[in-house]
Ligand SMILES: C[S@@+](CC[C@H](N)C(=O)[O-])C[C@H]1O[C@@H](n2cnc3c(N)ncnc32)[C@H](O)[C@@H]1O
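Here's a solo chain for you in structure tokens, the form predicted alone.
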Amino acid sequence: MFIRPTDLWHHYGRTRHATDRTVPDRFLWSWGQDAGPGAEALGEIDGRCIGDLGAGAARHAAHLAVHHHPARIIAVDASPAQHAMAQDLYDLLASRLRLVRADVRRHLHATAGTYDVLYSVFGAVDFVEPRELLPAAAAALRPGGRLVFSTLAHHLGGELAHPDVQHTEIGAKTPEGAAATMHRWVLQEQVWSKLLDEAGFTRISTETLPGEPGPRAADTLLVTAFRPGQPP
């Protein structure tokens, strides 16, 4: 008998959902959501097909839909709770923003050669086995397509990122409030570069965005890579 996975994102973002229903006027990459190069890190957006991997409440995707002119912006998330919040916030943008509830890996495999740009802001790239996700992302991009993601440059609290492909167990809660854990990949810069290379990406570059001081402060690693080939 099939047992549906527990939604460990059920409680995430609910306070903000209740108090902030706006479309963000900025696209921010850093852990503290206070820094980064903005949407320009995505390259050319106008007229392009853009995918948000692990979109959560789809705030970044809503920004692109309202403040830029992509041909399509598709926000993908597997969490029923996050998908429902995104629908509640941004269903009025349906003509410009498509909200998809799906496992990101399955979605990418089903959309081979579809996307011009894929991005993740502490989203699916952090929480899905990278040896499965990154090849699927490469296949879903068109030739010359771009993948951009922000991820933790080190663990919260300052512990170094892993020097190999190893996940970290982090705390979570079931919808009923019971304690649980989930996997997060906090990897060193050279590990991400090697994984991207093995997945078929090229022109891999990284940038560290320093975090502000605080007990849960963290530096952000911003990574850009391209599928080989020339855009059509």
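Just count from 1 along the sequence shown to find any residue number. Computed from a predicted model, the values in this text were never measured in an experiment.
The form predicted together with the ligand exists for this protein as well; it is not shown, and the discussion that follows is about that form.
*Asks:* May I ask you to choose, among V104, A137, I73, A86, the residue with a heavy atom within 4.5 Å of the ligand in the predicted complex?
*Replies:* So the residue touching the ligand in the predicted complex, by this definition, is V104.
*Asks:* 140-148, 157-165, 96-104, 110-118: which one contacts the ligand in the predicted complex at 4.5 Å, heavy atom to heavy atom?
*Replies:* That would be stretch 96-104.
*Asks:* Report yes if any heavy atom of A55 sits within 4.5 Å of a heavy atom of the ligand in the predicted complex; otherwise report no.
*Replies:* Contact check for A55: yes, within 4.5 Å of the ligand in the predicted complex.
*Asks:* Given that the ligand is not shown alongside this chain, does G123 nevertheless sit within 4.5 Å of it in the predicted complex, heavy atom to heavy atom?
*Replies:* Yes, G123 lies within 4.5 Å of the ligand in the predicted complex.
*Asks:* Taking the shortest heavy atom distance, is Y90 within 4.5 Å of the ligand in the predicted complex?
*Replies:* It does not: once the ligand is placed as it appears in the predicted complex, Y90 has no heavy atom within 4.5 Å of it.
*Asks:* Even though the partner isn't displayed, in the predicted complex is L152 close enough to the ligand, meaning a heavy atom within 4.5 Å?
*Replies:* Taking the distances in the predicted complex, the answer for L152 is no, it never comes within 4.5 Å of the ligand.
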